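Next up: just one chain, as structure tokens, the form predicted alone.
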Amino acid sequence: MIELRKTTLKYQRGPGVYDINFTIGAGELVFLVGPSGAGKTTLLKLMYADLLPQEGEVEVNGFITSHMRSKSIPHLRRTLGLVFQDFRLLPDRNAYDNIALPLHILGLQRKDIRERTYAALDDVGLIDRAHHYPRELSGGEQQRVGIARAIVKNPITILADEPTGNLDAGNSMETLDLLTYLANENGSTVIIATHDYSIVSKKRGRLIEINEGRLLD
């Protein structure tokens, strides 16, 4: 479960977010929608504790970030899968190694890493691209590697920040289809931040709208 209670974070420049209140239940598919600069990325960063609220509380998967010590943040992030607009793949590692990296950090055995990495590659349809480097992959394929890296830990919650922002229309729908599948079939809570209302209209999911740092009714 994710709950924001009277959450406020003010920037010296830009709108920040103000008095945000909402609850997202387990297994929900949620679209966080608003124009660029509305506060979507700020809300996601509050959820994965890259930012901490100045007022109010943020509770994510049993962790209350405003009460957390810095050493507890990695424990929160182990429950999360993060997907970014700019993919954030390591250019000197192939698809397999990019996906396997979180499992190495967690200290899993080599056999478990191999099994889970290939399962994630299969989920995103990239078994045949496992040993290709990011420069050898299309934008859509790079984003699927990013999604595989997010799901390989079997996270409770997936946070996707503008995951279709650098993709064409076809790849955007493929990415959205994949994230929707993860919500429907794997039982993950999936939160997708996007400014593209046309994409959201094609999928069933809860809509949370934000503009200038405030939720819209």
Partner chain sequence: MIGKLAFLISEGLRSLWRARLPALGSILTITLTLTLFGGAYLIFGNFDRATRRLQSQYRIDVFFKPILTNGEAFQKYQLLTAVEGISSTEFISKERAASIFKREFGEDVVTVLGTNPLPAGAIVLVARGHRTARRINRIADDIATIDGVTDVAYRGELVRILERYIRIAVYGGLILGIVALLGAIFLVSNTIKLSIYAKRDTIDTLHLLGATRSFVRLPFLIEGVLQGIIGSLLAVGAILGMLDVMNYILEHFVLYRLIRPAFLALFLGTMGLLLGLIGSSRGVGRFINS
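Note that the structure is predicted; figures quoted are calculated from it, not measured. Numbering follows the first chain given and starts at 1.
Only in words, not in the display: the form predicted in complex with the partner chain, which the text now covers.
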* Structure fact -> Which of 148-156, 26-34, 56-64, 181-189 lies within 4.5 Å of the partner chain in the predicted bound form, heavy atoms considered? The stretch 148-156
* To do: Determine whether any heavy atom of Asp92 comes within 4.5 Å of a heavy atom of the partner chain in the predicted bound form, and answer yes or no.
  => yes
* Asked: Might His104 be said to contact the partner chain in the predicted bound form, defining contact as any heavy atom within 4.5 Å?
  -> yes
* Asked: Taking heavy atoms only, is His132 within 4.5 angstroms of the partner chain in the predicted bound form?
  -> no
* Asked: Is there any non-hydrogen atom of Phe84 lying within 4.5 Å of the partner chain in the predicted bound form?
  -> yes
* Interface residues of 181-213 toward the partner chain, as seen in the predicted bound form [heavy atoms, 4.5 Å] -> none
